[in-house]
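Just the one chain here, laid out as structure tokens, in the form predicted on its own.
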């Protein structure tokens, strides 16, 4: 082993030893059937709670595109006899914060509150009311629908949105991941649609609950029962169908923007797949490592064809996408696309070099503690583990799983998950 490789190896070994283990996660199930994950942490007088429901956009029925987002936007704008102003005022008085959102797989509500009984009690009562007794006021629904329609119309004028929508439609042509809200679909939604979606998808059996902070186990158990006992029964979480892989193709869409937007990718990776770690390490070298990645060096540094270029995997309940994305001058779109494809093909054939492999591991392992340096970040990771039913030692073993990846495993994983015969390409604004 030469001196350079020895130094890299020693740095990795030291980093692995110093990397903090993940938080201690406890798991149980409430009487209502909700999975609970809890991390006890008394370092700050704060409690963070996240409730995730299998109520993302992929669970919308055909013709109901947009109902998941509309339901989530309305759920905390009227509940338990309170209107949105009263809810907001109550949160402010308590010094609590309510947030959340919706993606393809899940809809979430997140509460941060002080742990003192006189603060956490009313804050949790408020969250319980929002979860179990939302009112979906007609006038608020009309306003939020109008806002959503206006935002969609505005977004559809932007080349990045146009590219993204065309890209997802091409990857998931016949799958729920490919369904997307439009101004027309949102305009047709009625309050009855929201009520039906909530009753079906916001049930206790479709929920997972993550709790992090200044509570004992018994207090966390009582909190979990309080929040879930009033939820609708609802059906249990069912698996989404696996998407059919697309046939490779290229779609070009005209746009007057000065910059062309290029996207390349395919459905590739589920949550919990063993290929995640080889793909994460390999992708750092391909396009996930910023200025040290191959794509950045070849497309930007050597040829000046783009200011930025990236690649990433987005694992979901079913196969989420592998994506390469970049922007370039319209006149350079074809050259940029050619170089990007060449870099990808070469990486699929060769994988990373030994130096690239060690650099990727050093970065991913060394930066891992930053993913757990606050209660909020711990909550996000614990909620992800709970919703996707990952092993409780997922965070503990993350550095170990990164460290053991080999070049051969990266090449094999990329060969399985990134196949040129199924890569779709979308170019918006190119010449």
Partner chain sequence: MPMHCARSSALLLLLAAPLATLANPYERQLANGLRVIVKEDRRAPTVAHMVWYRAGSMDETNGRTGVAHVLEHMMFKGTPTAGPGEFNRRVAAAGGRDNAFTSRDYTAYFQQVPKQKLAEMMQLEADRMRHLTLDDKEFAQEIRVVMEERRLRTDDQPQSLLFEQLNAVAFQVHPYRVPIIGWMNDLENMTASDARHWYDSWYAPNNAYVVVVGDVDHQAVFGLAEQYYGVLQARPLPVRKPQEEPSQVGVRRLTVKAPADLPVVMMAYKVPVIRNVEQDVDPYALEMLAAVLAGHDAARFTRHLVREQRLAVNAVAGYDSTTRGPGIFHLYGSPSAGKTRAELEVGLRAELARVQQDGVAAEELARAKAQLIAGQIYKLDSIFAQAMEIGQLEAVGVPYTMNRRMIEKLQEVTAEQVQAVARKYFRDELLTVAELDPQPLPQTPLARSPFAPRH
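Because the structure is predicted, anything quoted here is derived from the model rather than measured. Numbering follows the first chain given and starts at 1.
Same protein, other form: the form predicted together with its partner chain, not shown, and the subject of what follows.
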| query | Is residue 84 close enough to touch its partner chain in the model of the complex, meaning at least one heavy atom pair within 4.5 Å? | reply | yes
| request: May I ask you to check whether residue 217 falls inside a 4.5 Å heavy atom distance of its partner chain in the model of the complex? | output: no
| query | Is residue 403 close to its partner chain in the model of the complex, meaning a heavy atom pair under 4.5 Å apart or at it? | reply | no
| Any chance residue 392 has a heavy atom within 4.5 Å of its partner chain in the model of the complex? | no
| field | Three-residue site 49, 173 and 276 fully in contact with its partner chain in the model of the complex at 4.5 Å by heavy atom | value | no
| If you check 58, 383, 36, 372 against its partner chain in the model of the complex, which one has a heavy atom within 4.5 Å? | 372
| request: Please pick, from 184, 354, 301, 239, the one residue with any non-hydrogen atom lying within 4.5 angstroms of its partner chain in the model of the complex. | output: 301
| remark: With a 4.5 Å heavy atom cut-off to its partner chain in the model of the complex, the contacting stretch among 26-34, 39-47, 383-391, 61-69 is 39-47
| Contact set, 397-419 vs its partner chain in the model of the complex - heavy atom within 4.5 angstroms | none
